[in-house]
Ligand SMILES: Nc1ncnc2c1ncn2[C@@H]1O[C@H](COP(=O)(O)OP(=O)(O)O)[C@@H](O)[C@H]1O
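In structure tokens, one chain follows: the form predicted on its own.
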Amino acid sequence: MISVEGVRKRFGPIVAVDDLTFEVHRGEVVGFLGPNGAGKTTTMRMLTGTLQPDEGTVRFEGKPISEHLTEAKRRVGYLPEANPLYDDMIVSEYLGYVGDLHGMSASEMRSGIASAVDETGIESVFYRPIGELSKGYRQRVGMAAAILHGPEILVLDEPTEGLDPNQRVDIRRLVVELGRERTVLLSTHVMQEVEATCSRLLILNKGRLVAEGSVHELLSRRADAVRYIVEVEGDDVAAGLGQLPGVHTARSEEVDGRLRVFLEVAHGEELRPEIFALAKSRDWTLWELHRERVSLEQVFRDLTREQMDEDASAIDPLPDVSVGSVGGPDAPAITPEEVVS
């Protein structure tokens, strides 16, 4: 349904997306993962037609969206990371405004609003000012606006960012429901959301695709890998543990004056007896010894560690900012008009 072929996008000297190629099939809920600065938001903007690639092609059903931009935008619903709402509008007015931007007739708008309100569960706030709503309801209103025109594809950029745990669960359930009848691309940093909602994952690092597949497929590639968490008080702990047989990575951090060491073993060797024996022989005080399978979070960290180590605070070149806020040349606002025009 969606085909991205050799896409590149630069912002001055910064290469935000570099030779990106992937496909998304009809009916999939695809998780779009990557550290800050990996190019997720830039890619999503190219998928929605808000940005054009410098090289390569984005296609819907084999048609380049650059040549069929109006048609493509009718087929896509987009919720940016910074939800473009107008606080002084009542929810009903805002949805009507979005319907006007889409060029919907009166009957189409009535039907579209009724369906969107029902799907997103915002009946109780339909006649309330947006500025009075909680963050959870604001996200729901944004989703209602994104599906108002009946799109086949829904692109959600960090839809649970800034929500409390209860609100995250509510939005996660909503994404699952919305995905039953649509193709969904979901950008998130929350691994629980990925495992709960996504049928397939695309992991980006430095603008490149570094892995793809289902959660099960990605974890199965590391099925024989286990990790040990060892919390020890003593001398030369990290060096000693790192020399145990089978250990191929050892990372440590200080916790309450003790050293917590994370050991990854490639072939699943049982090292707990050796760790205990080493602690005893070196007169270490062993506070914790735990063995676990490698998680999706660990797979993600391994695939993207180089970028995180280089710049833990990097951001995408074009971060979303709220409508009406003052943005410089590096932070243009996304408005409802841009999304549907």
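Numbers for residues come from their place in the sequence shown, where the first is 1. On a predicted model such as this, the values are computed, not experimentally measured, just so you know.
The form predicted together with the ligand exists for this protein as well; it is not shown, and the discussion that follows is about that form.
Participant: So if I measure heavy atom distances to the ligand in the predicted bound form, which of the stretches 285 to 293, 62 to 70, 33 to 41, 272 to 280 falls within 4.5 Å?
Facilitator: Correct option: 33 to 41.
Participant: Using a 4.5 angstroms cut-off on non-hydrogen atoms, would L20 count as touching the ligand in the predicted bound form?
Facilitator: L20: no contact with the ligand in the predicted bound form.
Participant: Sequence order please: the residues of 204 to 221 with a heavy atom within 4.5 Å of the ligand in the predicted bound form.
Facilitator: Sequence-ordered list is empty.
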